[in-house]
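One chain comes next, on its own, written as structure tokens: the form predicted on its own.
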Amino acid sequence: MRRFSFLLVLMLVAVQSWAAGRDTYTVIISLDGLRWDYLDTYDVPFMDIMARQGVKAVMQPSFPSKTFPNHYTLATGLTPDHHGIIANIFWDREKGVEYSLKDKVTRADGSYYGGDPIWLTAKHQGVKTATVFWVGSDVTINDEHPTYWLDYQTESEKMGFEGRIDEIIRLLSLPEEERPHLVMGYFEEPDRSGHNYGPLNSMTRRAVENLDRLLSKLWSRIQLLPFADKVNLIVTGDHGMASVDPKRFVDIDDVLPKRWYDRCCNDYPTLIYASAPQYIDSIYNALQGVDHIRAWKKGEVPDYLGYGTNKNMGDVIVLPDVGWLFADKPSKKQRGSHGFDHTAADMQVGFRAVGPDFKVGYEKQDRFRNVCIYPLLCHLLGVSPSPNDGSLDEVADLLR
């Protein structure tokens, strides 16, 4: 009888927790390329307020520290190696096509997007979800979309940043029975400025500070809603940004004969697809000892990177040192880039959160992995997570 009573209490606590999650709203904003120290270096009064009234932390991206892989990791809680978007560009061995975020066809092919993104996890459990240009949300995944979504390729430019703030408020202002409890918003800055000018440049500073003003406006408008005290706001990003220079360049043609490989996806990391199995060792051996790069065969990548087992992985994976490029030609335009070792300081991401579910004035001392965002969102929404690589325990100290 005592055991039955104990189990009943546990069930009641679980139901209360579930109900509380359904009673609150969560808005998560991704600022592409939000390097962690931007929020300490630049003038961001609103995000300073978020830190004082909520929580402050540093988040570690997954490898590779690129936009599409990490945004979809934030949504699914799976590393890129597990959800399938292993890089911004990679070769599909079975289909014989190159997936690229810039290719309208492959980018929109839902077969590449594995896992269960939060907008579907919650939707399947009766929670309405909305996205404003979040990576992957405009792709038909398992024949579904979020409850509300927008097509990035056709609508993002004409909406602009101010329009995205308007859209988030519009969604939160819908009648209660139509209103989403999760809204996910995406902004391309400060990534664009970081690439064009470098992370420590006045133009990048301007981009970060403009975003802070936009977010302040968003929060002020949220405070006018009748349920403002039930809204959680999370601000984070996908990766950091490092300074690069055309002189810090390792030329593929100097170390590898072209006959050894069919395809080389030049990005961070560089994925090399051998022209024949006998050339895999040749490629690998030729790259050993080359300054400013590390190279591994598929399946032999160090465990800490959590990479190298996906079916579309290159036969050899090449990772340059932070700030260096391994490709067939240097990038003369970019002054900043990312995709490097995800544990490097420049790749870390800023994190702020405020609202009824978060502590007040709390600073997390240890960085946490971005795969933990998915279970965190599931907790805030009161839904059961699908299998993932994250852990709610890793971020539980952020919560009240």
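Treat the numbers as computed from the prediction; the structure is a model and nothing was measured. Residue numbers run from 1 along the displayed sequence.
From this point on, the text means the form predicted in complex with a small molecule, which you will not see here.
Highlighted residues Arg107, Asp191 and His338: every one comes within 4.5 Å of the small molecule in the model of the complex, counting any heavy atom. Partner proximity in the model of the complex, defined as non-hydrogen atoms within 4.5 angstroms of the small molecule, places exactly one of 350-358, 38-46, 370-378, 63-71 at the interface: 63-71. Only one of Asn88, Ser275, Asn266, Ser216 lies close to the small molecule in the model of the complex, with a heavy atom inside 4.5 Å, and it is Asn88. Out of the listed residues Val316, Leu182, Val132, Val135, Val135 is the one that sits within 4.5 Å of the small molecule in the model of the complex by at least one heavy atom. Although the partner is absent from this view, Val255 stays clear of the small molecule in the model of the complex, with no non-hydrogen atom inside 4.5 angstroms. Residue contact with the small molecule in the model of the complex: Leu101 places a heavy atom within 4.5 Å of it.
Though the partner is left out of this view, His195 does reach within 4.5 Å of the small molecule in the model of the complex, counting heavy atoms only.
Proximity of Asp346 to the small molecule in the model of the complex: non-hydrogen atoms within 4.5 Å are absent; the residue sits far from the partner.
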